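Okay, so here's just one chain, in structure tokens, the form predicted on its own.
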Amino acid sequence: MMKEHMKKIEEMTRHSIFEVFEKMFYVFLEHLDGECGEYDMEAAIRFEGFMSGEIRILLSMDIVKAMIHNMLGLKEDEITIQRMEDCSKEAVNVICGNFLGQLDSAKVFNLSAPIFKEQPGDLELTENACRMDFDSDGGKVGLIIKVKG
């Protein structure tokens, strides 16, 4: 039962990341079959409601620079670590909101403030988690979603 549930959550999350990256950052992602280990930073957000969990996005430096360039029109020498942090946190926040809207637009969820790390944390998966990795012209993106309840 949980496996089927996670499959549906994975599909909804994949839809969310594609939609957000295309509409917000003009970045077109391609799903990878295997895992990519080339990530430079991570942003995460927790959600609580009838279902609780966490979404983490893993990002290469190149993809974050492409996201900022496409969204704000900044040149590479104008892109600071603070802008990379802000952009990464905004991305995970919008992906989470998109996912939760698909999950149940009538339910209320509480979201944590997004957090940012310059190095991705532990990437071990539990039974109630799934990971997806993506490639684009601009770099690599990974997404991990963990759920409970």
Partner chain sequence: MSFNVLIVDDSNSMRAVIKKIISISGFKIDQCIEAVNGKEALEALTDNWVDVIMSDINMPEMNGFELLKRLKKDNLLKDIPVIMITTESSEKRMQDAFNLGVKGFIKKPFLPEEIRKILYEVIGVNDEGTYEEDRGDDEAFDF
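Note that the coordinates shown come from a computational prediction; the quantities given were computed from them, not determined experimentally. Numbering follows the first chain given and starts at 1.
Only in words, not in the display: the form predicted together with the partner chain, which the text now covers.
Colleague: Tell me which of 120-128, 30-38, 65-73, 49-57 has residues with heavy atoms within 4.5 angstroms of the partner chain in the predicted bound form?
Modeller: Heavy atoms within 4.5 Å of the partner chain in the predicted bound form occur in 65-73.
Colleague: Using a 4.5 Å heavy atom cut-off, which residue among Ile115, Leu111, Leu103, Met61 comes into contact with the partner chain in the predicted bound form?
Modeller: The option sitting close enough to the partner is Leu111.
Colleague: Taking His15, Ile79 and Asp135 as a possible spot, do all three reach the partner chain in the predicted bound form with a heavy atom inside 4.5 Å?
Modeller: The answer is no; none of His15, Ile79 and Asp135 reaches the partner chain.
Colleague: Using a 4.5 Å heavy atom cut-off, state whether Ala44 contacts the partner chain in the predicted bound form.
Modeller: No, Ala44 is distant from the partner.
Colleague: Classify Glu19 as contacting or not contacting the partner chain in the predicted bound form by the rule of any non-hydrogen atom within 4.5 angstroms, answering yes or no.
Modeller: Flag for Glu19 set to yes.
Colleague: For a quick check, can you give me the residues of 80-99 that have a heavy atom within 4.5 Å of the partner chain in the predicted bound form?
Modeller: The stretch 80-99, when checked against the partner chain in the predicted bound form, contributes Arg83, Asp86, Cys87, Glu90, Asn93, Val94, Gly97, Asn98 at the 4.5 Å heavy-atom cut-off.
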